[in-house]
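For reference, the chain that follows is the form predicted on its own, supplied as structure tokens.
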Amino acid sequence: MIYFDNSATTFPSEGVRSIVREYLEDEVSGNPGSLHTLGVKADKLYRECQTNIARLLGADADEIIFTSCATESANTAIRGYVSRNKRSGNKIISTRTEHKATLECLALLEKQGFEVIYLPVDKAGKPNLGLLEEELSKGGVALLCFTLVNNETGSVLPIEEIVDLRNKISRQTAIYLDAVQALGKMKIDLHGLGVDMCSFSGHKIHSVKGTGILYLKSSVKIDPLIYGGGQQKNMRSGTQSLMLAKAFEKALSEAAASMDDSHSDIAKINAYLRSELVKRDAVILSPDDAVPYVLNVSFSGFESETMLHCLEIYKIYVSTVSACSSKAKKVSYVLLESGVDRKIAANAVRLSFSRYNTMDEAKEFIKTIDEIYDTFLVKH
């Protein structure tokens, strides 16, 4: 099997699997909110985990909130911020290439009376910063919502320029950043980034599903999405799972330890595939400066889903649009918003890699593409 669908999900690492088994044992399965010995032990380990994750992300421990997934983190951040900060303005600025977790929140807020301004993006997926500067100068902007690495193309957001514009023009405007696809692929220093809220997902970095993180800058106040027993400083009620927290911590520490070597190896794989696919008249849709872990490519003569199922015959797994939209069988809205011709976008396939992928797999992929064209393409 060759698995090139790591932007959709990754398989848990052996280290994570081991942690899960270890933290299902009775001695570490107490409720962190209980006052007895097992509860106190669980709470201590939970806080240590929080501290370690914060250190790896360049944040303070009390700024880390555990959630079930990045979608929950996004909802908590976006909806929670505008709910709590009603005097900060009625406008939100974003793009139409964001993940559905952001776009659906914004659609809801529009129905509630907020004005959402969607900046156009160029072919490299970068938002129009001139328009951003213009809109910030008008005032009344409560929130900026952007994605650090686009999950379909790998396009990297010019976050430093955006933060500089915000700081220069409208310091009271908060920034929410979706950093799901950036985690494990580039160094993240949250305090250095200068954003106010940030979402992460564990299952994108070889942890288990059901783990997410919300970074909430200590000076930023929001309303919680989930109410109940008041856990995690009232920001996310519900009994904390030490096992899930430890799984996230393990996956993040493994990703950090291997990041430099992994980036180098994946960059070589990406470059090889780009070169070989162009020779076969494929169109590379990921920008040149995209993270190497994502490669979006359009195959002449094959619609996206057809190519996906042809590759599946050979036990090679890729994706078409984002996994959150794939069952709708639509052309990628991200590619269309980036100015890609609909016919080219209709043939687009996303390859996404992790540190466990190899050059041998890339070569086997190219060999398979040749065989698919020879076997299935109707020649006129």
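Sequential numbering from 1, following the sequence displayed. Predicted, not measured: the structure shown is a model, and the values here were computed from it.
The same protein also exists as the form predicted in complex with pyridoxal-5'-phosphate (PLP); that form is not shown, yet it is the one meant from here on.
- The partner is absent here; in the predicted complex, the one residue of A70, A348, L57, V334 having a heavy atom within 4.5 Å of pyridoxal-5'-phosphate (PLP) is A70.
- Taking a 4.5 Å heavy atom cutoff to pyridoxal-5'-phosphate (PLP) in the predicted complex, the contact residue among Q181, S304, T76, S207 is Q181.
- R166 falls outside the set of residues with a heavy atom inside 4.5 Å of pyridoxal-5'-phosphate (PLP) in the predicted complex.
- In the predicted complex, none of the heavy atoms of N296 sits within 4.5 Å of a heavy atom of pyridoxal-5'-phosphate (PLP).
- Taking non-hydrogen atoms only, T153 never approaches pyridoxal-5'-phosphate (PLP) to within 4.5 angstroms in the predicted complex.
- Using a 4.5 angstroms threshold between heavy atoms, S201 counts as touching pyridoxal-5'-phosphate (PLP) in the predicted complex.
- The three residues S7, H99 and T147 all sit with a heavy atom within 4.5 Å of pyridoxal-5'-phosphate (PLP) in the predicted complex.
- Screening 116-124, 84-92, 172-180, 223-231 for residues having heavy atoms within 4.5 Å of pyridoxal-5'-phosphate (PLP) in the predicted complex returns a single hit, 172-180.
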